[in-house]
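A lone chain, given as structure tokens: the form predicted on its own.
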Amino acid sequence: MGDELMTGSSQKPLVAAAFGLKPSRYPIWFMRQAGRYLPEYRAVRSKVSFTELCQTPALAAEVTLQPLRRYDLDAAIIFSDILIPCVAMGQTLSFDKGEGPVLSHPVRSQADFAYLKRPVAERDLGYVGEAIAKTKASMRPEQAMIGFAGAPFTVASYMIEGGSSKNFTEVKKLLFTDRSVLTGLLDLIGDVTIDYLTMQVRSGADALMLFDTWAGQLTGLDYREVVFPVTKRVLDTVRQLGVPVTYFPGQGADRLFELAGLGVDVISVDWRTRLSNAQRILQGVGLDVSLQGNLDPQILIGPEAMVRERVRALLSEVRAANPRGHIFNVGHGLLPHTPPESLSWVISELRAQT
């Protein structure tokens, strides 16, 4: 990490690293660290639906805290889903077994768009804020509480397709034949996202993360023309709340070339891109940011010796990249078949090496 320090370092290692300060120790957390790989999560989940779990603050706080009881982590990310705001906007969210999320009333015309509403975050999504407050009350002072949302384009993709997609045909149909509907939807989601993240910070979030998992489905030109402006507006606004903000631009390195002028504190890098390459690209477009990532989550199914070797290799990559700060994480979320003990190997190796 860079040696230059800003005045007034934070007692929370993740916040310090995100702002480019020197943390008291190397921060680590895992995307989707609360979830199906933990038997204690499955025990809770067996009694309620996924949406009920997200909408019940006591249960959401419980599953958010579960990994912090098992592991020496520096942050918790509130248990929720990026599509929860879609429910408050007027769609119905369900999860079909083996099919992923399904949203009612896909937005594919101006009439569909007119059906949507702008929710009041505190009233319609306040259960997420309550879960954040309940979780934070049981965390150590040095641990950071992370709030999050889906970025406007990624959320719009689900709202337009009605769920997951491989080809994003309906999204691109709007992009190329009725762009005003798409841009109107993006602007609405941008407003909702700002309100939603602001509510999370007021509830106690120490940091924020914006997930743009599907941004890589667009050409650089389309991303820059259609998606970048609303993404920048969201990030510029929520950064004024005083907490660090991380942006995950999806898979691969190409999208990194399109981020010039983006106001953000941390870029989360997936495992397909070397951190040194990410740092070079981001510096090339004028971004001096901290990095997060980017262990391949599938390496966690490997033997202990291999997992520990990959941790050391990633730390070497960080030293070569020399970003202003680094937060250790996987390149995308933990998977259901992740052996719980493998996270202990990662954490203990990181502590031993740093």
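So that there is no doubt, residue numbering starts at 1 and follows the sequence shown. Because the structure is predicted, anything quoted here is derived from the model rather than measured.
Only in words, not in the display: the form predicted together with a small molecule, which the text now covers.
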Segment that reaches the small molecule in the predicted complex - one of 271-279, 76-84, 252-260, 229-237, heavy atoms within 4.5 Å:
76-84
Which residue among 291, 60, 28, 34 has a heavy atom within 4.5 angstroms of the small molecule in the predicted complex?
34
Can you work out which of 158, 223, 247, 196 has a heavy atom no more than 4.5 Å from the small molecule in the predicted complex?
158
So, in the predicted complex, is residue 106 in contact with the small molecule at a 4.5 angstroms heavy atom limit?
no
Taking heavy atoms and a 4.5 Å cut-off, does residue 95 contact the small molecule in the predicted complex?
yes
Would residue 148 show up as a contact with the small molecule in the predicted complex if we use heavy atoms at 4.5 Å?
yes
With the cut-off set at 4.5 Å between non-hydrogen atoms, does residue 211 touch the small molecule in the predicted complex?
yes
If you check in the predicted complex, do 50, 100 and 332 all have a non-hydrogen atom within 4.5 Å of the small molecule?
yes
